[in-house]
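Below, in structure tokens: the form predicted on its own, a single chain.
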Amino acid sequence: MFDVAIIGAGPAGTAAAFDLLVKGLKVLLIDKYEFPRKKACAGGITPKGYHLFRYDISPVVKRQCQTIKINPLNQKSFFINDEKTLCYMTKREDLDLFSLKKVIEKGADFKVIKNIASINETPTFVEIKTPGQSYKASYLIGADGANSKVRQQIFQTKFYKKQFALEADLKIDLIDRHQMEFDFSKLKNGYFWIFPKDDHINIGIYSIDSKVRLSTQTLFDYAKQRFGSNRLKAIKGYPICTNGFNYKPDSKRILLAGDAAGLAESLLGEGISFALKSGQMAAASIIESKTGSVSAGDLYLKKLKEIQADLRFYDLSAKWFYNFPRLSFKALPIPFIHKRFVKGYADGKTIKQILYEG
């Protein structure tokens, strides 16, 4: 029997696995895909997220951006600059493979399992049944993304909300001339992004409106207008799970982390930093529960309050930002305001700490 089984080998799952393995626990890590695998994700990592990794991920960083261009609706474009890196550009398939190798080196037992037939929690362990085998572990962490099978089997109530994004890669010449960019001028209740990598750019669309179904034609048209080319590759649409401030881990032995728990922010749809943080919190809760009298679920609920409070602030900020974009964009170009946010993100602060502590 394993100490902990983790379903999902993305940022949340590998972050949890790494901390558990460091403490000497026996970990089973399950994913339905062989690695490397294509993963729908723009691959931008905030400084807050970058510094949460327990190991150096610089080998898979394609570019460090110190400048971000903002295109507001019906207003002049402006730039946010800083001496520090504002965003680290990666390719998710490279990042995930790199992280998986790190936890395998630490001793994780990694298995590719296409289908989970059932998950059953008992007072002393969790049993995961597959079509041909079953696995037992003292605890289970569901880190299997926005369409989490663990969540579907365990939680009856819908606590989360799905936002949608669409992305693609585009090869262009003179890649160094292109900056990281958020373009709010072409889409109501959302934005287009431009993320420059080493030999291509990643472009995409994100909408806060869960009823919106983003079309590939819109992305083709935008690429043609901006870059004179619509030869897009690796086009992928995907959901982003938000509203994780409503998640309550009422199970004693089964915890959700990352997008499976709705732990992405709704303002821009960023989720990697929250995935890492929640994975580490889930691991810490399990470790503490083994030596104390409080259950892992209760400990995790307490630890998650920090993330959930931050996500509530993001939710309120998103509603204000997209309902009153003119007022928001009048404030954002002011150096005092955006530098405050930049420094806060770099220091790993929550949005509440940034707003109230500086």
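Quantities reported herein were computed from a predicted structural model and do not represent experimental measurements. Numbers for residues come from their place in the sequence shown, where the first is 1.
What comes next is about the form predicted in complex with a small molecule, which does not appear here.
J.: Ok, 72, 239, 196, 190: which has a heavy atom sitting within 4.5 Å of the small molecule in the model of the complex?
T.: Of the listed residues, the single hit is 239.
J.: Work out which of 162, 226, 149, 200 lies within 4.5 Å of the small molecule in the model of the complex, going by heavy atoms.
T.: In short, 149.
J.: How about residue 283 - does it come within 4.5 Å of the small molecule in the model of the complex, if we only consider non-hydrogen atoms?
T.: So residue 283 does not count as contacting the small molecule.
J.: Please run the contact check for residue 166 against the small molecule in the model of the complex: heavy atoms, 4.5 angstroms, yes or no?
T.: So residue 166 counts as contacting the small molecule.
J.: Would residue 325 sit within 4.5 Å of the small molecule in the model of the complex, counting heavy atoms only?
T.: Residue 325: no contact with the small molecule in the model of the complex.
J.: Residue 30 near the small molecule in the model of the complex, any heavy atom under 4.5 Å?
T.: Within the cut-off, so yes.
J.: Just to confirm the contact call: exactly one of 310 to 318, 60 to 68, 296 to 304, 43 to 51 touches the small molecule in the model of the complex at a 4.5 Å heavy atom cutoff, so which is it?
T.: Within 4.5 Å of the partner lies stretch 43 to 51.
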